[in-house]
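Below, in structure tokens: the form predicted alone, a single chain.
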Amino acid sequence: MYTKDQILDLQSITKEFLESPHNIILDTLRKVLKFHEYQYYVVAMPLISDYEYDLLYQQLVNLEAASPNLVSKDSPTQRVGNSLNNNFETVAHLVPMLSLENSYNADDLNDFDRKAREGAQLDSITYCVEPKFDGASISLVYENDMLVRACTRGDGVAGEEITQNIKQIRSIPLSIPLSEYGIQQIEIRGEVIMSKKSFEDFNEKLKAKQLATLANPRNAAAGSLRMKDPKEVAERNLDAFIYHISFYTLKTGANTPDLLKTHSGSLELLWNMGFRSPQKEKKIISNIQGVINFCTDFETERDTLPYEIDGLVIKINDFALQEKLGMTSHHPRWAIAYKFKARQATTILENVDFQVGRTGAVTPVAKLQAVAIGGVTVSSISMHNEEYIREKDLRLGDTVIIERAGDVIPQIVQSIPALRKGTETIIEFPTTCPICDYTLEKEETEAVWRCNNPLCTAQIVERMIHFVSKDAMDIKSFGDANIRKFYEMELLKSIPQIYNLDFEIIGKLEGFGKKSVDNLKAAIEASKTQPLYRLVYALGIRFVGETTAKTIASHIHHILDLENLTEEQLQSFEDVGVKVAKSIFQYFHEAKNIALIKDLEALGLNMIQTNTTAVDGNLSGLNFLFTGTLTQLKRSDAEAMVEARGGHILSGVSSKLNYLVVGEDAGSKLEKAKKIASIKIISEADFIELIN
């Protein structure tokens, strides 16, 4: 429908309108919105985020409200939905599928409540709040207990008939007990989704076949519905939530079921009929302030769900009141969507920096045109390795979609080849170290290119930064900036020199008064008495994290005991596998590493495990792991509490884990733990109660 030049032109106008909304031209804005509707609903290749679309749509609503005489019959505000895909037979909905008005803050919700109370002539209204599922909308029709038709949302008045594809979704029953409730025919609405687990599994299958992976669960679900082969739909392991009864007819002589007097009752009825409705997820709240509080709290929990949601839907619970308030041509007056902060945005990939870490790994870092997403401004994102760049076909100058997922670390979801102008260039991965020009090497089992030059200045600096860091030797006042500054001034060239700094020179530097120098001296001296596990971790041995360092330290008396252990003996330690054991063995069989340790010992650092006695406490013998952000405790303090009571901290999820303590923005560890029945998943509050 759109040529390459048209796509580039319309996307350029989109960017201009988003950056300078005061320059919007009404007719052009309509054209831009129609274009993005086509990209989203028909070809399933959105070029802007939902949030950006909503901003433009609201601009159109405002402009047309200010000048009603300029409203055109084909404006996106004058119809329920969007274009149809002609690959499927078009069928009419029994009742139009309307869009929802969107809100983004408490003011929007208060305004919605005010209008609803004025229209209903009530002082307060009871609402039902449920998740806003991020998938593909569907409409189902059942007659005489049997599923007779399923279709997509389409333009809201009619949709594409996809009954055979919908039958592949096992959470949608082929028959339901309508007769038990005196119902002859019913039309219901829902959302087809792909769970996070199914999405990950399906992408792994695509990778194994060397096929392009899917961008996100929503696009995967939407694309599945339009597949011509139902068998391919079945392979995607889709799911569906059913959340609305739009129309029903009763059998002769039957009375309306009591459950169909409220929205919450209808969700219970759908659940009783065998659908996966948000019966358990819903919340009935008696006032708008309670709704606002619930929305704010729920946004922090969104990542604990096994599926994606992009907000909450607030509906007036009483059906009679819904009918009294009615609807506009675009949306019902009795419902509103509260949209969470945008976690996707589009921007330009301007450049790539190749950074060298302490182990010599070369990491490409994307330098982006700064963009706000999820409440923060993002301008740099790690691209991990060369394979990542090739798989996503990333090029300099590309327009890319970026996302802040559950782990809050931004990532590039995909490039948008349709917006390429021909000036984009292939990203060339270096063959030599960008710092020391040493030839890069890559092991067969790894995706990372490394600089194996031990004298590479980037690695030397990064190793020192790691050594003094909080979780390692914890030398306060000695951070990243000071390490780099002292290195450039040739005051610091190696880890042992940390303990032989020339404080006379440092005291003359800007920003280093007597107090600062004294604090740094004291912190360096205090680090000499740190427990052994901190030194093991501070050495920066590949694959040895803080938890593994604790395990290793608990099995030895002196750090150089590790010289005498075989790989097999190391593997007998908790959480030490083949890869970790090999890395430890190699580290302690390199002369330069042994020399470093002996130099540190001569400088007075603790090399001995001083506490080898097992602690007996109420958590004795239990294994813990923390994920997400704790709000009441520091992670390090919580782990120390476990160990002080005889428990152990594991480095990852396995069948040996007893408790996973989940904080805010929990990531993949939570999903893995849910698959192992023996693991108890508890909140931070549960943990505090447990240790007490």
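Remember, predicted model here, so these are calculated numbers, not experimental data. Start at 1 with the first residue shown and count on from there.
Beyond what is shown, the protein has a form predicted together with 2-(butylsulfanyl)adenosine (IVH); the following relates to that form.
This chain is displayed alone, yet in the predicted bound form one of 462, 130, 303, 398 has a heavy atom within 4.5 Å of 2-(butylsulfanyl)adenosine (IVH); that residue is 130. Residue 315 is the only one of 315, 343, 93, 550 with a heavy atom lying within 4.5 Å of 2-(butylsulfanyl)adenosine (IVH) in the predicted bound form. Contact between residue 283 and 2-(butylsulfanyl)adenosine (IVH) in the predicted bound form is not found at the 4.5 Å heavy atom cutoff. Residue 100 belongs to the set of residues with a heavy atom inside 4.5 Å of 2-(butylsulfanyl)adenosine (IVH) in the predicted bound form. Mapping the unseen interface onto this chain, residue 332 counts among the residues with a heavy atom inside 4.5 Å of 2-(butylsulfanyl)adenosine (IVH) in the predicted bound form. Contact annotation for residue 449: none of its heavy atoms lies within 4.5 Å of 2-(butylsulfanyl)adenosine (IVH) in the predicted bound form.
Partner proximity in the predicted bound form, defined as non-hydrogen atoms within 4.5 angstroms of 2-(butylsulfanyl)adenosine (IVH), places exactly one of 507-515, 109-117, 172-180, 238-246 at the interface: 238-246. Contacts between 175-200 and 2-(butylsulfanyl)adenosine (IVH), taken as any heavy atom within 4.5 Å in the predicted bound form, involve 189, 191.
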